[in-house]
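As structure tokens, one chain now follows by itself in the form predicted on its own.
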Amino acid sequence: MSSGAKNIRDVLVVGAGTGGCVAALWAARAGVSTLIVDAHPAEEIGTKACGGALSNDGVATIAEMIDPPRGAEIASTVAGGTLGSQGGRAVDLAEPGIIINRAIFGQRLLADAIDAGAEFGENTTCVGWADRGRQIIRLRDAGERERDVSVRVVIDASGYRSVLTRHGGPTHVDTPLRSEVGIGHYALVPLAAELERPDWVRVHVSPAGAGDGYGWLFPVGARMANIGLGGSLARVDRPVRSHLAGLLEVWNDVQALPPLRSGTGMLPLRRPLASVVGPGFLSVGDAACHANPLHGGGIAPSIIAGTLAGKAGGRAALKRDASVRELWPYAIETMRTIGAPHAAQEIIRRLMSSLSPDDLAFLAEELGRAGAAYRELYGSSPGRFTRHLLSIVGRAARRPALVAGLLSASRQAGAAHRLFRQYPSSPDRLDAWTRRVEQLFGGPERERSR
């Protein structure tokens, strides 16, 4: 396709996380010259502040796009878990899934991309746009040497702090508020004694110090656990890792030893950005705000977006047409598959963040009893979950604030889902659609809170 010159590529993927590796895989499979770069050395690809939990539904979804986690990539198989909250009764949930060994899985995804023909540049930082109009990206290696790369399509999978998406990437940029940005800390912890149930996760809603977030314990075998917690930047009152000891007091039967590995990371806790497409540009994963607003999970959404972006970028490069109109179907499909459920889930997150600890504990118990309706919270349609919210109203008669919140949230969640399913078929209609989003999610209030 391209001339083969060292600094010319058809597709450049920035970031070798889950979404980036999958995007590079599909772009390379299209037969175009593909370069994927990451600021870390090759052996560190896959190490990330991440819980690594994936439901069976999520596994089935990504299996349609890539080879799903297998063998040593699966740290544990789980049958369900316990949902608890401050002052509330813990409720058991039957939700089967897996805990991914993120490092091993990440290494395999990178190897798959390279095997498909992608070139990998380790220890390479994306400085930003050297020339936006001519599609030239500036890269810097570990020795601080810089080079410019001319590309047809840039796929930005560099994470929430991306310089490309924030500065000149998509056709329209809306900046997340502090309340829409999460910070989380995890630790891979050996245990002094085996877990009583190594197939059972634990989730604690609204932990001390991170009131609008949650803490987790995900088993990694019987004698190891991924333990962490997170919340929004607006509500975490000091470094998030300092709250880990308090979380372990909640699970006082767990005898944790000094961690083998730990890390802190930032991620979006909101609906996707209004635009994830620009001339010769696609945004993927956390850079596009594709993580789940409720629990921050981003593995499945990033694989979905990476697949769609890699295919779209490959097609555009083959056609030598990387215009916004040519790439626009990527935006439509990601908004329908990722944006619609996540927009509804952001409404539910806002409700949960506004409740008193007592009302939140009550709601957590009711959700825990919902069974299949609870799982709809993470599905492609909020319909069954919304109906369950309304069914709680009768049992919450003595909780007027909760009743008002449930009625409002059920109405807004449905409206948000419909609106994102109706993402504009043409970039010409983006401004009008964006105004509708701002009306639903509170445009004037957002401006006053900046």
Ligand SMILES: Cc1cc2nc3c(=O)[nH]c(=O)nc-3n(C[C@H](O)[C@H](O)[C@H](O)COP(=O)(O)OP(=O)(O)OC[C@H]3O[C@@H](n4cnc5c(N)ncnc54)[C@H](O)[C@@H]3O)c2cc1C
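Source: prediction; values computed, not measured. Residues carry their position along the shown sequence, with the first being 1.
The following text describes the form predicted in complex with this ligand, which does not appear among the structures shown.
- Screening 415-423, 63-71, 49-57, 395-403 for residues having heavy atoms within 4.5 Å of this ligand in the predicted bound form returns a single hit, 49-57.
- Not displayed here, this ligand is approached by Val37 to within 4.5 Å at the level of heavy atoms in the predicted bound form.
- Remark: Leu12 does not count among the residues lining this ligand in the predicted bound form, judged by a heavy atom distance of 4.5 Å or less.
- Ala309 falls outside the set of residues with a heavy atom inside 4.5 Å of this ligand in the predicted bound form.
- In the predicted bound form, this ligand lies farther than 4.5 Å from every heavy atom of Gly88.
- Checking Arg152, Arg349, His204, Arg102 for any heavy atom within 4.5 Å of this ligand in the predicted bound form turns up a single hit: Arg102.
- Shown without its partner, this chain lists Leu188, Leu244, Val163, Ile332 as candidates; in the predicted bound form, only Val163 has a non-hydrogen atom within 4.5 angstroms of this ligand.
- Heavy atoms of no residue among Ala210, Leu233 and Pro293 are located within 4.5 Å of this ligand in the predicted bound form.
- Contacts with this ligand in the predicted bound form, taken as any heavy atom within 4.5 Å, map within 252-267 to Gly265, Met266, Leu267.
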